[in-house]
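The data below hold one chain only, encoded as structure tokens and taken in the form predicted on its own.
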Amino acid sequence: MIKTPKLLMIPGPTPVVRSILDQMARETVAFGDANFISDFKGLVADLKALWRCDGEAFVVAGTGTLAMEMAVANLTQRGENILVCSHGFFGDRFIDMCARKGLGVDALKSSWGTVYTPDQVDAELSKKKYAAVTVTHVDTSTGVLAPLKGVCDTLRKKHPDTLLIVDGVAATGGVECWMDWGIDALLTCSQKAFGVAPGLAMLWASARALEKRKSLGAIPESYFDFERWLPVMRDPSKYWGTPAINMIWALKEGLRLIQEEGLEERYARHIRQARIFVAAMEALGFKTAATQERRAPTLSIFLYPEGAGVDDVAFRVKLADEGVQSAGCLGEFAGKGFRLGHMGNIDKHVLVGAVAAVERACAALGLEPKPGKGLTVLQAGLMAEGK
């Protein structure tokens, strides 16, 4: 029996295309190799230019979680206050990080599936002096998109001295976001909307953020201290920690694909494909956890039809057998649905294959939708997109 290959449809890692995999398979060279140094320097310069950063871009071996800690470590110091704006599990992660740092932590939380407003952020920041505020652009536990531009405008107009840290792990490269909106630290990682394998943490720091770091003097953290990495980012022939050579080549290729598509078109494509994909899943009886106006274009949480009596584990196992690797839900949504990513370099073939596998899983478990119902909606949407 031929084994069905699985489409990687979790909220990250996302599918990695052949040209990126080829870069990972290159013969590794010394980190002092002249050609590699040139590649690394060009990558950092392109990241800065594309995201309109007036400070510095950092690319280090690590995860999105490391990038979160890197931002907090370099933009705050013990005793300062920080406001954590959270609409899910990963927004809450900032709370523990900041408490461990010795910061005074306050949290603005919204119920799962919804999100706070810029006015609510303004009200919280007006209560006392905050050194920084964190915003999770897209939280993969809820599939909700934060009102980032509105928050940026609010801080710029009413709280100009407060630094803004943005967790773009499940958004950057797939959702519109620019450093010159007023962001001081934007962080992400390689395996989400950039469509590269896991292994690299990326962070953009504004000129103001670099000044704040300099004003702190020595900090307790070492590996992700801006001051350690700045010389390397500006001249990769210098050494602090060994760069992930093949992963940097892979990220460079991923960025080339982004530049080839164009960031504006990439953002628009994510919105179009998400709308079509969600419509197809809704035709099968699923509904998204996020409210319609705040749905993220990079991933969705699909809740099982009410009263259908779906066994979550059984459904996701069957879905995997049919060819789609999904992720279980977290927190308040655990057991009520599953998470599917639709970000990065995912194309029409992947979307068609994913909906077809969901239909087969539904049929195998005796759920209502007739085979082809979701695919009909998806194909109509994809064909309309091409007109």
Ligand SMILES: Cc1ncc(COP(=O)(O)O)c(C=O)c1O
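Residues carry their position along the shown sequence, with the first being 1. Keep in mind that what you see is a predicted model, and the values were worked out from it rather than measured.
The same protein also exists as the form predicted together with this ligand; that form is not shown, yet it is the one meant from here on.
Novice: Pick from 61 to 69, 354 to 362, 321 to 329, 32 to 40: which stretch has a heavy atom within 4.5 Å of this ligand in the predicted bound form?
Specialist: Of the options given, it is 61 to 69.
Novice: With a 4.5 Å heavy atom cut-off, would you call T288 a contact of this ligand in the predicted bound form?
Specialist: No, T288 sits far enough from this ligand in the predicted bound form that none of its heavy atoms falls within 4.5 Å.
Novice: Please tell me whether any heavy atom belonging to T142 falls inside 4.5 Å of a heavy atom of this ligand, as the geometry stands in the predicted bound form.
Specialist: No, T142 sits far enough from this ligand in the predicted bound form that none of its heavy atoms falls within 4.5 Å.
Novice: Give a yes/no on whether H270 approaches this ligand to within 4.5 Å in the predicted bound form, heavy atoms considered.
Specialist: Close contact is absent here: in the predicted bound form, H270 is far from this ligand, nothing within 4.5 Å, heavy atoms only.
Novice: Is A193 close enough to this ligand in the predicted bound form to count, meaning some heavy atom within 4.5 Å?
Specialist: Because no heavy atom of A193 falls inside 4.5 Å of this ligand in the predicted bound form, the answer is no.
Novice: Quick one: from V169, L164, C177, I248, grab the residue that has a heavy atom within 4.5 Å of this ligand in the predicted bound form.
Specialist: It is V169.
Novice: Pick from R294, R93, R316, K101: which has a non-hydrogen atom within 4.5 Å of this ligand in the predicted bound form?
Specialist: Answer to the contact question: R93.
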